[in-house]
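This document opens with one chain alone, in structure tokens, the form predicted on its own.
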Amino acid sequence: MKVADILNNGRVNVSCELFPPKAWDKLSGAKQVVREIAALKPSFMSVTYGAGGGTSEYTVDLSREVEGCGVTALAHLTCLSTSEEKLLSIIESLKENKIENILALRGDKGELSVPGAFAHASDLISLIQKHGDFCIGGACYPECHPESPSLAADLDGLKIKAESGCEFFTTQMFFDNNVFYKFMYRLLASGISVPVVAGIMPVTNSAQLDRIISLSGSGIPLRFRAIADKFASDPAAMKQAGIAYATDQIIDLIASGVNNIHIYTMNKPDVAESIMTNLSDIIGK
């Protein structure tokens, strides 16, 4: 099934992200994670590509595993660190495995770029369109892309992606829903009408915060910073508080009419299960 069709079904959709292992001998464990999360019946599951494309082969394998569990798979594909030849090979492999959905990403500039690599996700989107009938998604940053000179320039980049064939956007994680709501108003005012999936990260370990800030540029509200400070020395309490905070964000989003939510699970089925259980009557699963 195409992700765009899922996002436009008029229901509340909660999807999950997972990432492949760095080594082949860990793949069976990752497939077990797929099965455990798939058992929660998410609307779809995305599989990341890995820094520098180092896990690209595993992305296809795990996407196939997701589909085998009866859940729609969304395979990530990153262009900055991948040659056009390799991109075409991966696209062909996804076609062969009947994976219909790709999240087209540029990748971080800190990754090793290869000669002739595409510099923009919009270039990758155009390539994918030429070589298969895929539903293509892209990434967006509610707090503005860290490398963008302005909010206006950031929106211009999203327009180019949409005009290139991007059918939906998934946001970078955010911890203040007001940031997301303001972002949605800016999209509306700019004439960008593709569906947007709100990305939520359950922070279950206070040590994650500094890394999250450095990688994503996400702001941390004082309310959540206080939670992390309070429970930093108690892992069980921090995990419970992080799940509760993420659940609260999702409930507020749904109550405000946001139907499409994406959970960055960090390959933790128990965390995903706790959130899904908290939402069971709200989302009707």
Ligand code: FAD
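Note that the coordinates shown come from a computational prediction; the quantities given were computed from them, not determined experimentally. Numbering starts at 1 and follows the sequence shown.
Quick note: we don't show the form predicted together with the ligand, though the next part is all about it.
Not one of K31, F44 and S89 comes within 4.5 Å of the ligand in the model of the complex, counting any heavy atom. Comment: the ligand is not present in this chain, but in the model of the complex one of T82, T72, T204, Q172 has a heavy atom within 4.5 Å of it, namely Q172. Though the ligand is absent from this view, in the model of the complex it lies within 4.5 Å of a heavy atom of just one residue from L105, V179, L127, I212, which is L105. When the ligand is considered in the model of the complex, Y245 lies well away from it, no heavy atom lying within 4.5 Å. When contacts are judged by a 4.5 Å heavy atom cut-off, F183 does not count as touching the ligand in the model of the complex. Proximity of S122 to the ligand in the model of the complex: non-hydrogen atoms within 4.5 Å are present. Among heavy atoms of A153, some come within 4.5 Å of the ligand in the model of the complex.
With the partner left out here, the ligand still marks one of 139-147, 187-195, 204-212, 93-101 in the model of the complex; by a 4.5 Å heavy atom cut-off that stretch is 139-147. Residues of 62-86 placing a heavy atom within 4.5 Å of the ligand in the model of the complex, in sequence order: H76, T78.
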